[in-house]
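The chain that follows stands alone, in the form predicted on its own, written as structure tokens.
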């Protein structure tokens, strides 16, 4: 049951980033010099994906243009000495197949996932939300291995201060995580208030889902907002003890807000040997 397909929902309107997203999809906004969606695709590929399904909107043709093979761009990047980035760009469409599914109206994450059903087929798949960037593919790799071993859906989890839980889906689990962070998920609540939250473990935008999740989504009634919520489908799976979790301390950047995006840009830039010294010096000068 090798998991080779990754789904990336990228149909959102990016209203928090207006007016920039009037012309540029949020997923293409650079994290220093690399679009966020490229970083997410790299992570998926690092966890074994050889096929990527991007769920997008007819109003965002720039995403399709970005993943379209372009030897000229690859050559230009390579000519600047950035061979590693050039290799990453070159494998899209060559070693890794990219296909698209359309979400014609914004009806929630669960609906976006459902739009990928025909492209995914009857096999497990990874789901990566591009608003959240990870420090590497290690967590997703562990989740894939866990799903392949246990034949159950797996969600990525992180412990956060209770003051932050109202921005995320929150889970309950059976017990203390194992030494490698594995737990069984028993419940899921969408964006609870801190004084009503059942725990401090949040969903962090990384999932490995069994194909049965499509049937659960298809049977859901819309929430009060009119959206189909993935967390509602996960709750149904958790009720049957068919959802596992991995509690991780992996580096994570929530780029869903302009400030979160800016923090990610700075952190990723500081990881670059050719940029970090000058950037650090400039940042320190601002504090004087």
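Keep in mind that what you see is a predicted model, and the values were worked out from it rather than measured. Residue numbers count along the first chain shown, from 1.
What follows is about the form predicted together with a small molecule, which we do not show.
Stretch in contact, per heavy atom within 4.5 angstroms of the small molecule in the model of the complex, of 125 to 133, 86 to 94, 146 to 154, 68 to 76 = That would be 125 to 133.
Taking heavy atoms only, is residue 231 within 4.5 angstroms of the small molecule in the model of the complex?
-> Looking in the model of the complex, residue contacts with the small molecule include residue 231, since a heavy atom lies within 4.5 Å.
Tell me, yes or no, whether residue 182 is in contact with the small molecule in the model of the complex, where a contact means a heavy atom of each within 4.5 Å.
-> Judged by the heavy-atom cut-off of 4.5 Å, residue 182 is well away from the small molecule in the model of the complex.
Contact test in the model of the complex: residue 190 vs the small molecule, heavy atoms, 4.5 Å = Residue 190: yes, in contact with the small molecule in the model of the complex.
Is residue 137 close to the small molecule in the model of the complex, meaning a heavy atom pair under 4.5 Å apart or at it?
-> Because no heavy atom of residue 137 falls inside 4.5 Å of the small molecule in the model of the complex, the answer is no.
Quick one: of 120, 204, 101, 217, which gets a non-hydrogen atom within 4.5 angstroms of the small molecule in the model of the complex?
-> Result of the distance check: 204.
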